[in-house]
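Only one chain is included here, represented as structure tokens and corresponding to the form predicted alone.
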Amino acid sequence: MNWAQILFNSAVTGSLYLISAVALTLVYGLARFPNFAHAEIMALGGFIGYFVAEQLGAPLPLAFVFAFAVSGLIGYLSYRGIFKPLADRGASLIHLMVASMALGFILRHSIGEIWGFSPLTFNIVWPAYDVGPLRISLNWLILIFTAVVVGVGLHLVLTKTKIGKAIRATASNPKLALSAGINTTRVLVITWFVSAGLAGIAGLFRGVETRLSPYLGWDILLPTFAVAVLGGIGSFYGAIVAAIIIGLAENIGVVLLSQAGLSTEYRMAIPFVILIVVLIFRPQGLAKAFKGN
């Protein structure tokens, strides 16, 4: 068993979950409801990247820029056009959740109408390198690097900048933050934009690695929810640690399932098995182990 390769693959999986889960938990920390349209925003990011890189022939880095910008714009518009009006009228948690499901349904079928429901693949051949016992692909390195940049960048923003402190204050107590002169609407707009933009990037990474379909986001959303809950709902730092744990467990689990002669499709259950076990002993998740959430 090549444990070095397993650990590296775990870092790749964990990096994808980290980007997606951090984006999901940022919005939850402020809006206080799980955004089920997160899956379709990820899929949209993948297809926007496909349009830019494959249909327009532009460089792939530009595809990531457009995936972030367009997905972020959808996040902004959904907050301004749907979730803020509902919240202003006292919508309950279930109302907001159903609205996010409806938005996801509309986005999914709009993507299908534009690009079709049949899977699409990127015509990109990534160079791969043998480094000792490791087989490393360039796109995996870029994904890990991006996850590190996202994690470190958001940490610095949340702890060192005025907007980051405003986000933390709004997440902690919105009414107190508003009375202290913080423009909470501006904070929410920025957070929704950044969250959706990161979701779009996660979707594009997934699409480049595998293939694109309007249902792409659901393959990532389910373990992403497990990561977000395991880390502690709304906890940025907990999500980072949970992404590493889930990524590691999923890759080791695939190996053990193969050795036991079982279907590797059971890997989808691994994050939730870990989640259930941890929540039995620590219902709040990993959040309280970290300061500054």
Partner chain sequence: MDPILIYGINALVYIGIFAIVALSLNAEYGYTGLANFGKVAFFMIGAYSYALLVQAGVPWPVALALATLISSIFGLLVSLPAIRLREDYLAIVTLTFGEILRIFIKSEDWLANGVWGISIPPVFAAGNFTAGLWMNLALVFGLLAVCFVFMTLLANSPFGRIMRALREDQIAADAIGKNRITYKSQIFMIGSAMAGLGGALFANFVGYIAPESFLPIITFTIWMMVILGGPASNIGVIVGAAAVQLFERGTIILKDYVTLPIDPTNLQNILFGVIIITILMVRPSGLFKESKINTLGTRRAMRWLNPSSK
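This is a predicted model, so every value here is computed, not measured. Between two forms, the rigid core is the largest collection of C-alphas that superpose within 1.5 Å. Positions refer to the first chain, counted from 1.
The discussion below concerns the form predicted in complex with its partner chain, not included here.
Looking at L188, you'd find every heavy atom of it more than 4.5 angstroms from its partner chain in the predicted bound form. Interface membership of W218, defined by any non-hydrogen atom within 4.5 Å of its partner chain in the predicted bound form, is confirmed. When contacts are judged by a 4.5 Å heavy atom cut-off, G164 does not count as touching its partner chain in the predicted bound form. Taking the partner from elsewhere, H95 is found to have a heavy atom lying within 4.5 Å of its partner chain in the predicted bound form.
A heavy atom within 4.5 Å of its partner chain in the predicted bound form is found for one listed residue only; from L154, I144, L86, L120, this is L86. Put simply, of Y237, F64, F47, F36 only one has a heavy atom within 4.5 Å of its partner chain in the predicted bound form, and it is F36.
With its partner chain left out of view, the stretch that reaches within 4.5 Å of it through heavy atoms in the predicted bound form is, among 135-143, 75-83, 155-163, 176-184, 75-83. Counting a residue when any of its non-hydrogen atoms is within 4.5 Å of its partner chain in the predicted bound form, the hits in 212-238 run W218, L222, F225, V229, I233.
Superposition of the core reveals a Cα shift of 2 Å or more for V278 between the shown form and the other one.
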